[in-house]
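One chain follows as structure tokens, the form predicted alone.
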């Protein structure tokens, strides 16, 4: 990774390239990297890509929390959403409940909340899990909080679109129910991705290197998005983007 930018700034740039030029993106709580990426895309598109941060007050248009978000998604008014998981398998199934044999779990986590609903209704769900290891990317999740694929007779306008990790970018073929390696981040290799992934995935004959952030995007990110994201994620804005919000008098 170049000393000219941080790993977080690199991932923000990667995610920004996966976002459409127009539409509505919603970002859940505790998601500063996707949130910053969405705000950067809004800046780059002159506001054509709209952003809703479901956390705090800044850039949060919802007054009724999760219920209003789910209502908007059900009406087709959310085009992009982000999900992750304690475990993710090769069919893009997500586990947000815990590890071990349910219900006697070895470790319990916060739970699914609306992940399955958003997975079914939002057309472009980007999976984001910085840690890329066999602990996370398993052959089969211990518990399916949100299924990656559904039978053909199930109405499902939404589903997984791509996966971003600390090592690579993958796309997801919903018809085949498989991931495909799209690029490997600078300083990493296809072999490293294979070694740290517990499921099989498709690999093209030639795998490109993920593009690094352009200086112009980094300037916008640090100068403008730091200020935007500070109202929602002040610690992240200061630590990663160098923006420190002024204390109120």
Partner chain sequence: MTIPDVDALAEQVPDGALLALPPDYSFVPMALIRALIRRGVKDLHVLAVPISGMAADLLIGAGCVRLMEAAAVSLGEAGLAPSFTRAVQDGSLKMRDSTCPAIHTALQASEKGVPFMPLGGIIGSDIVKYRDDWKVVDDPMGAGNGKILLLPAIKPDVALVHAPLADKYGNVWVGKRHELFTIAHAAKTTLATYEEIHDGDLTADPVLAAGTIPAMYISATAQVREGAKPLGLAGCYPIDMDHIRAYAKEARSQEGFDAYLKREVLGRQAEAAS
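Residue numbers count along the first chain shown, from 1. Because the structure is a prediction, the values reported are computed rather than measured.
Omitted here: the form predicted together with its partner chain. The next part is about that form.
Participant: What I'd like checked is whether 41, 134 and 202 together line its partner chain in the predicted bound form, meaning each has a non-hydrogen atom within 4.5 Å of it.
Facilitator: No, the candidate spot makes no contact with its partner chain.
Participant: With heavy atoms only and a cut-off of 4.5 Å, decide whether residue 147 touches its partner chain in the predicted bound form.
Facilitator: Judged by the heavy-atom cut-off of 4.5 Å, residue 147 is in contact with its partner chain in the predicted bound form.
Participant: Are any of the heavy atoms in residue 20 no more than 4.5 Å from a heavy atom of its partner chain in the predicted bound form?
Facilitator: Result no; residue 20 lies far from its partner chain in the predicted bound form.
Participant: State yes or no: in the predicted bound form, is some non-hydrogen atom of residue 115 no more than 4.5 angstroms from a non-hydrogen atom of its partner chain?
Facilitator: Flag for residue 115 set to yes.
Participant: Would residue 233 sit within 4.5 Å of its partner chain in the predicted bound form, counting heavy atoms only?
Facilitator: Result yes; residue 233 sits at the interface with its partner chain in the predicted bound form.
Participant: Pick from 126, 97, 169, 138: which has a non-hydrogen atom within 4.5 Å of its partner chain in the predicted bound form?
Facilitator: Looking at 126, 97, 169, 138 one by one, just 97 meets the 4.5 Å heavy-atom criterion.
Participant: What stretch, of 126 to 134, 159 to 167, 174 to 182, 72 to 80, brings heavy atoms to within 4.5 Å of its partner chain in the predicted bound form?
Facilitator: Contact-bearing stretch, as computed: 72 to 80.
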